[in-house]
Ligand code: GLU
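Below sits a lone chain in structure tokens, taken as the form predicted on its own.
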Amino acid sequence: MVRVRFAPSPTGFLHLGSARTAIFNWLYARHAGGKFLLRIEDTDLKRSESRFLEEILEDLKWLGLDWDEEPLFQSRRFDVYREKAEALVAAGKAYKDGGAVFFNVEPGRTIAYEDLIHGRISVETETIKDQVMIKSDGSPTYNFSCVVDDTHLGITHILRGDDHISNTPKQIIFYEAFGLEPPRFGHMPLILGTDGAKLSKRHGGVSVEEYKREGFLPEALANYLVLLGWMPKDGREVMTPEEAVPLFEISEMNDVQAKFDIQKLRWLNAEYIMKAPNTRLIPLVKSQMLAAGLAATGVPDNYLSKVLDLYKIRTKTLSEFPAMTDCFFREDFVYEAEGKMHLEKPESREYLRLLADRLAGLTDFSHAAIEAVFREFAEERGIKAGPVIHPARMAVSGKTKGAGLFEMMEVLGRERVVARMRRAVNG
């Protein structure tokens, strides 16, 4: 049975590159009917924090990933590592020096393996110095503890980033020392920014938590991270991790570095927002409203749902929603500077005054009925609709752009629309 693992270190938030590694391991396990395990790399006792671990596990769940079996914590296995190191010392394959334990690397050898993504990789042992297994403070080194724990977990395949390629021959040496068959290794090219540099803050956020806070949906972020390493043969781009499971093949993974494009992610997120039911989006939108200082408490869900219907097709991230829709939730919204000219012309104010009176007497305040009033008004005066619509949009929303004016008015309701138009007339 295929058994893979993801090994987060609880010394910080979950990085996008690490999240992608987790997703591909999960994909492979689910595709092969195997097991996806977690190994918590918390040997750095000073920097490891429970709050980071809680956030990482929460982010994995948020991305839609579930794991099999209880996570293995390396911090609880120091005695095991020391015992395994002592066994190699007793076998004459390792030695002690200054309280540390070193593995004696045999010179004149070639360590070779077939990488699942890059093909054959080989390294001469002359380039590898004797390996520390146990540090002088009694803690294990990364490469040694990896081998001990992956053996304990029965790991069959290791999918990880290209930054681990240099670690692989060192780990293979340890497997051989214990008389074990190494697992299959596959190294994914790293994620770069659009400028070809290492992914950093200037390319967008680097942690999953930042994208969650910005109002990205988990399936959109997971979808995009999958595309940064693999695409199905049919060229499909929009697919949840669950939809990718039956299609995924390690042999089809990209062996070149992927470039992170925030605009492509925003496009994908918009696709998922459009498809998402309002019942799911409402609590997320309320959180964004609270973060933006908009009063979300007391806003009826059915009213918020109507506003969502107008703006779902215009929103790329949910964090954009409060600024785009503040006029639906407050009366003290600000008029955009570039649109004020629509309210300063005397004829515009007169149009608004007369239209407000007509709308005040409208019993059917549907968008179709409102539009009919506007069209009839413009036709009576022999003018186009624009000189009437632009000032009305500014009066009711303070914005030059947004959802359809008449649909907005219907949601806002007659009393608020009329009051806002009259307020704009009176300056």
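Treat the numbers as computed from the prediction; the structure is a model and nothing was measured. All residue numbers refer to positions in the sequence shown, first residue = 1.
The protein also exists as the form predicted together with glutamic acid; that form is not presented, and the subsequent description refers to it.
Contact annotation: residue 7 falls within 4.5 Å of glutamic acid in the predicted bound form, judged by heavy atom distances. Interface residue remark: residue 327 is not counted as part of the site for glutamic acid in the predicted bound form, having no heavy atom within 4.5 Å.
At a distance threshold of 4.5 angstroms between non-hydrogen atoms, residue 230 is out of contact with glutamic acid in the predicted bound form. When glutamic acid is considered in the predicted bound form, residue 239 lies well away from it, no heavy atom lying within 4.5 Å.
Shown alone, this chain has one stretch from 254 to 262, 208 to 216, 160 to 168, 310 to 318 that lies within 4.5 Å of glutamic acid in the predicted bound form by heavy atoms: 160 to 168.
Highlighted residues 303, 407 and 411: none comes within 4.5 Å of glutamic acid in the predicted bound form, counting any heavy atom. For the candidate set 282, 146, 85, 123, a heavy atom within 4.5 Å of glutamic acid in the predicted bound form is found for exactly one residue, namely 146. The partner is absent here, but in the predicted bound form a heavy atom of 142, alone among 102, 142, 248, 81, sits within 4.5 Å of glutamic acid. Contact annotation for 29 to 46: a single residue, 41, has a non-hydrogen atom within 4.5 angstroms of glutamic acid in the predicted bound form.
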